[in-house]
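In the block that follows, a single chain appears as structure tokens, in the form predicted alone.
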Amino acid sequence: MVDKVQAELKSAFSDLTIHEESYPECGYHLSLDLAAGDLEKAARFFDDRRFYLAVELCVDYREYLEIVYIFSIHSSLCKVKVTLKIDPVNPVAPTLSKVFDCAWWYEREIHEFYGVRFDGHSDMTYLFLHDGIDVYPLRKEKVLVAEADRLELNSFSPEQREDSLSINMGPQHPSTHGVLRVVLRMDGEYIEDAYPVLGYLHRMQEKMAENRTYQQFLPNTGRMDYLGAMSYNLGYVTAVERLVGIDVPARAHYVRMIATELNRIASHLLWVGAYLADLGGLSPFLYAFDDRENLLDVLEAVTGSRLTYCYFRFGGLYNDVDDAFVAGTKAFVARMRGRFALYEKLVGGNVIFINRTRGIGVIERELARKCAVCGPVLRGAGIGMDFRKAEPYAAYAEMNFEIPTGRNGDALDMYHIRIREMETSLDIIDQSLARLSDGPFMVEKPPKKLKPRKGDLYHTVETPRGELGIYIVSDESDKPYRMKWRVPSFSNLMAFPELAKGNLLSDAVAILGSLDLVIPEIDR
């Protein structure tokens, strides 16, 4: 696939240099630097070949700003980095929102954090920040927000029409869990438009990354997706290990996978309980949390935590697991395998639940690609993409497991996908336990201070919500020059406005809940 894309790129952009890159070192296969006039052409090139825009981000190199686009494809392992250099004094770039829906969101984020204006973009209002911000936070030098830009950034107000009514769903609404607001424009009981409003829990994690050493930033990872903290912990340590060139002992790989898959099950159990509670069914919540508490007892014994884990270290683990952890894990696996019949009887076969979710929030494959949705939401739409298989990390390449996919892409499929994914996680845990032999759990000489090679890396892992991409730019110091977190809840939220249109207000809860959003992950 890479060779074919490279040949077609050379034909389409004959006057440009296309660089072949070392995928193990940088996480992408090809790179090219474009002029502004070629950008939309390049976007349509990738769109025609069924690529999706995995992430769009900005890096301030002081002499210039660089917009970075990572294009990927569901059917094969092929990643292309496209860059566009722009003037830092008057930063203007073409919008790609007319080609990829997700660019509409990423460009708003870049605009408020760097001051880049995107020609042709329909909405440059604040996405995460507010009108009290005086500077562009991620610029390396202090760049004040111009008055004209401030007025535009703070110009959001719900559209008022004589024949419709705008109402707020959240941030106090129980189903938005306190930190998400969605402005709904209603025609009677039917949704005409949905406009998510973010930033209620924004903490500037990416700015903090630039001001902390690689080791100091490690605890921050568990504060983004607090329900899938182990996946974030694993994604970060494996990204830095890849950037530095650290080989991890086999025992550490297996323990990492066991802990991460246990955390994945815990996350899915919480989703099952909370989702059913949002829809009015409280009994499943109690059963799911009973299972989850048993699981958390196992993880707490070795990590010291029940939620925001920071168990992995560069080169291995904080501490080794013992026989009690192995026995507890085996006991939980046996218990959990016997619980799926209960969930099928209580939830999967419940006629009320089926009628509330069947045919609701159907995600078509084209919408999934344009919005770059991922994880169970993508697989529910019938696209069997899982980075544990597509780009194996840790020791997932040794594991034998199936990738469950849906048929209809509706909210009911999203439930069944997550139930089957818990079964898949149990299979991976069993295989990892069988391979868990004696040996070191940490490299012989753990690094005390990290100074990675100069360059960049885009590293992806599969979290309970989908594709987590970590883009790191290293300037050979002990702190990241730039660290961008491409989080799955953000890309999955991008599909909600389209999914909500034409549905009843009561269905908005079922649709939003089926996406399994963690808002602190979006706000970062």
Partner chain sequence: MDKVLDLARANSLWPVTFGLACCAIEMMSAAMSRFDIDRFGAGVFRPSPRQADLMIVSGTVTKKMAPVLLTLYDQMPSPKWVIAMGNCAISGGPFVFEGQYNLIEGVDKLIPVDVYVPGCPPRPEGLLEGFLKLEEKITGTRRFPGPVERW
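Numbering follows the first chain given and starts at 1. Computed from a predicted model, the values in this text were never measured in an experiment.
If you look for the form predicted together with the partner chain, you will not find it shown, but the lines that follow are about it.
Would the partner chain be touched by all three of E141, L144 and L243 in the predicted bound form, meaning a heavy atom each within 4.5 Å? Checked in the predicted bound form: no contact with the partner chain for any of the three.
Can you pick the one in S72, N220, T329, T95 that has a heavy atom within 4.5 Å of the partner chain in the predicted bound form? By the 4.5 Å heavy-atom cutoff, the listed residue in contact is N220.
Position in contact with the partner chain when the complex is considered in the predicted bound form, options F325, Y226, Y195, Y318, heavy atoms within 4.5 Å: Of F325, Y226, Y195, Y318, the residue with a heavy atom within 4.5 Å of the partner chain in the predicted bound form is Y226.
Can you tell me if F128 lies within 4.5 angstroms of the partner chain in the predicted bound form, counting non-hydrogen atoms only? Although the partner chain is absent here, F128 would touch it in the predicted bound form, with heavy atoms inside 4.5 Å.
I'd like to know whether L77 contacts the partner chain in the predicted bound form, with contact meaning heavy atoms within 4.5 angstroms. No, no contact at 4.5 Å.
Could you tell me if R453 has a non-hydrogen atom within 4.5 Å of the partner chain in the predicted bound form? The answer is no: R453 has no heavy atom within 4.5 Å of the partner chain.
Can you tell me whether R407 touches the partner chain? I mean in the predicted bound form, with a 4.5 angstroms heavy atom cut-off. Heavy-atom contact with the partner chain at 4.5 Å: absent for R407.
Stretch in contact in the predicted bound form with the partner chain, which is absent here, among 445-453, 425-433, 86-94, 120-128 (heavy atoms within 4.5 Å): Contact-bearing stretch, as computed: 120-128.
Residues in 260-291 with any heavy atom within 4.5 Å of the partner chain in the predicted bound form: Residues within 4.5 Å: L270, F285, L286, F289, D290.
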